[in-house]
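Only one chain is included here, represented as structure tokens and corresponding to the form predicted alone.
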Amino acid sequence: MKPKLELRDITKMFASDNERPLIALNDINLSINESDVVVIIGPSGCGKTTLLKIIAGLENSYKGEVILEGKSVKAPGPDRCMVSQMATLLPWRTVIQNVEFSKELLGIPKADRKKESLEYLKLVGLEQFAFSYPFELSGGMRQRAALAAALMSDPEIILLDEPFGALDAQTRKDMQEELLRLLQRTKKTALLVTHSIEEAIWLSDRIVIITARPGRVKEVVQVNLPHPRNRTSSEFIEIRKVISEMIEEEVKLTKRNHV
């Protein structure tokens, strides 16, 4: 099977105060297949968000290659959609106007895009709030609207950067279940960055563990648990333990290097 997304030898450096550049990512190689849900996790500052921005085309001064659907990509494009921690909705537009915005830019007739937008809002349970403004919604509802907008743009891959990091614990858990349901229903390929090991296990087919800076792929953990997953099962707890130990090892290494 040909991978949906390939990262080949991705290395990213930043200028630093001294003569030596700061290496954020070093030789990242990764393949993601159609409809895969892959989660990237690692200690703070390991380059997770930078890697997502490279894939999205928001960072272009790097070494290596991003290949999507067999084609090298360097700039932003409609084939990739990014959802961040703070829902990026235009405050002066209603929820449905935000969701249909990508199709509006393509010149799709108003009646057609409204019909499709309402279908996606129904999918995320927001059809009754179609004509509300973002400030009238809760944090979880705004993220649902952002997910509907991402799906409406019909990207090849959805990139999610800590999408639920700003939510309270219960809303976050609800949104994890909502996202999983949406991805299973739409069969979209997704790459998600998180700090939560439990979230990673709940959502993913595979978990990519990144080392402390410079970020490298330390391990790829296959999560073969059936859905819906039981967060209290021995299998779930064992995977959490294994990943936690690997991340703790990297955190200790970082502290040792800064002593």
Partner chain sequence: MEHVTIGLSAIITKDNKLIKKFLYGLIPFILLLVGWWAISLRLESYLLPSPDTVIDAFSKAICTGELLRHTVSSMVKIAGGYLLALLFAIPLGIMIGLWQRAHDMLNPLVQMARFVPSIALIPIIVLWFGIGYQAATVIIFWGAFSPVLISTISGVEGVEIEYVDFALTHGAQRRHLLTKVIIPAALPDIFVGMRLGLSYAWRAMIAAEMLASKFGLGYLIMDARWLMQTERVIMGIITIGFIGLLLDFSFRSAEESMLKWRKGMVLK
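Residue numbers count along the first chain shown, from 1. Keep in mind it's a predicted model, so treat the numbers as computed, not measured.
Just so it is clear, the following notes concern the form predicted in complex with the partner chain, a form of the same protein that is not shown.
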Flag this candidate site as yes only if S31, I40 and L68 all have a heavy atom within 4.5 Å of the partner chain in the model of the complex; otherwise mark no. no
Just one of 162 to 170, 121 to 129, 183 to 191, 69 to 77 has residues with a heavy atom within 4.5 Å of the partner chain in the model of the complex, so point it out. 69 to 77
Non-hydrogen atom contact L179 with the partner chain in the model of the complex at 4.5 angstroms: no
Taking 4.5 angstroms as the cut-off for heavy atoms, does K114 touch the partner chain in the model of the complex? no
In the model of the complex, does L58 come within 4.5 Å of the partner chain, counting heavy atoms only? yes
Taking heavy atoms only, is D174 within 4.5 angstroms of the partner chain in the model of the complex? no
Heavy atom within 4.5 Å of the partner chain in the model of the complex: which residues of 123 to 159 meet that condition, in order? Y133, F135, A149, A150, S153
